[in-house]
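Before any questions on how it binds or moves, here is one chain, the form predicted alone, in structure tokens.
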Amino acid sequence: MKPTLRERLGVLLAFCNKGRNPYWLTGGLIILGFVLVYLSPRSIPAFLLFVGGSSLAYFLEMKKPARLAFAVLVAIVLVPILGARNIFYLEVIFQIAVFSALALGLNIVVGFSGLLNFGYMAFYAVGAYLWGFFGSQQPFLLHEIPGTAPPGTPFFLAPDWFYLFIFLGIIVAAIVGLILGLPVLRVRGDYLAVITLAFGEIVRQLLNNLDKPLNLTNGPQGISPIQKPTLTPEVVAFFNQIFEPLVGRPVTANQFYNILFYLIAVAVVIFVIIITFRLDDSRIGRAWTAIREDELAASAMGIPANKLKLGAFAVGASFAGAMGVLFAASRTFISPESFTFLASVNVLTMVILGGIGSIPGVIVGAVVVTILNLQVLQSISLWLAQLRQSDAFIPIINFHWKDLSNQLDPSKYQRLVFGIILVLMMIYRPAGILPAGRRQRELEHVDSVIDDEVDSSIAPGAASSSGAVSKGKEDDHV
């Protein structure tokens, strides 16, 4: 019998996990991907090979110290070197870290508790505007016309207050999450989605219109400049002393800020992952699962459903608040257009694509969506732009590339591409790329029940047809 694709993959996985193969395979792919990206900084296949090799440290069977060693090597050594040579890659990985934290926070609300939230970017905006207001000149411009600032206006706080505001962003966003959770305790299903959508739009409109009578948010023009934390020359000199031979040139202070924000984002993501794993394996996590499966039955068993739903909103919002503070400091500019409804849908897409309720699956979803958005589609658009500027054409149909419309650029159809991907996922893999164990078992149980029902419905007809055939044969014999 010809082996199926799943059986072949099982044989390949068994070979990769045999003996020391996981260590050699992971280390070899990481080094190969690093060398290819180092030599060809704009190569997408090389970057994907580097990311794939780095992810093997999690998926293959190896000891925890080895996993930790590979993670430290990639995150602390190799990525800063590649980022110093090409800032774009560091920006991609920074975006992956930010959206991973956002997706993990939304996964607590959607995946653990079963509460659909379409206004999640409101909490992200709360953290961003918290540091954007106090870390800029805005407190001294409350009575000024939006977009204007008298010369010599000082900043309200020192730059190093940024580190404290990461924790304040967690607290303030959690409080806002509790405020959102209070009116949604009485509704479920589609009504919950409508309320969260309205909440997200309310926050965005407030940011747009709170420029009068007091200029709190500077309106649609946004807040700028926003301070970055202090970076001493000694830190940059220490980095150059170690990594300059590998990078090939000295790193400036502005370039090192990208590395600094990347390291802070990685630290926040690690903290979020630890908290999420601890919550999932606790009494609170099991209570959230019970509420998601059947809230009425959970309440009948003594689980305080309302308090736990409020807790889910608060915990999920706190992760977004911390990343909002980091986003404001890294961009030095924020505006309401960064926190739209489509941005919330984008984060929800990551959760659904990776696997609802699955912690590693959500991170994989954030990686896939971010790379598709920032690298694959953008690279295809740049390639088509180069073809338009050349005299190349397709000989068979005599089509000149310069006649190709700009409206066909893939970067303009990101939502369409993500929509097609989600449709295909719902048809062929509804549990996501890396589904949660409980979700996978539920879908397998449903499939087995459907197969049993189909078999039972076909069996009587098959029996009657076989009886008719045998009777016909007997009549012919007679």
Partner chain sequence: MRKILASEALREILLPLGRMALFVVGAGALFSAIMFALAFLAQGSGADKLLLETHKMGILEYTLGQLPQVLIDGMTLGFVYAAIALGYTMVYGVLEFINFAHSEIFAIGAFVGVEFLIFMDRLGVLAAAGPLGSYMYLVLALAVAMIASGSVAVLMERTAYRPLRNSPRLVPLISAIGVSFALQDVIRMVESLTTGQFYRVIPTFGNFDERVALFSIPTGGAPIAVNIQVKSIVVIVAAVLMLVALNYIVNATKIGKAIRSVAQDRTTAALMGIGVNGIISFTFLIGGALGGAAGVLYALKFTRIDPFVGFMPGMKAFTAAVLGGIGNLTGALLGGICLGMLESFAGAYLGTFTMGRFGSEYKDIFAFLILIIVIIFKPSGLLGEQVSQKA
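Keep in mind it's a predicted model, so treat the numbers as computed, not measured. Residue numbers count along the first chain shown, from 1.
A second form of this protein, the form predicted in complex with its partner chain, is not displayed here; the remarks below concern that form.
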| Do all of 118, 205 and 405 end up near its partner chain in the predicted bound form, with near meaning a heavy atom within 4.5 Å? | yes
| Partner proximity in the predicted bound form: residue 352 to its partner chain, non-hydrogen atom cutoff 4.5 Å | yes
| query | For residue 413, is any heavy atom within 4.5 Å of its partner chain in the predicted bound form, or not? | reply | yes
| field | is_contact(residue 244, its partner chain) in the predicted bound form, heavy atom dist at most 4.5 Å | value | no
| field | Non-hydrogen atom contact residue 140 with its partner chain in the predicted bound form at 4.5 angstroms | value | no
| said: Within 4.5 Å, heavy atoms only, one stretch in 97 to 105, 159 to 167, 334 to 342, 129 to 137 touches its partner chain in the predicted bound form. Which? | reply: 334 to 342
| query | Tell me, which of 209, 375, 381, 86 has a heavy atom within 4.5 angstroms of its partner chain in the predicted bound form? | reply | 209
| request: Using heavy atoms only and a 4.5 Å cut-off, determine which of 35, 48, 422, 60 is in contact with its partner chain in the predicted bound form. | output: 422
| Heavy atom within 4.5 Å of its partner chain in the predicted bound form - qualifying residues of 185 to 214 | 186, 187, 189, 190, 191, 193, 194, 195, 197, 198, 199, 201, 202, 205, 206, 209, 210, 212, 213
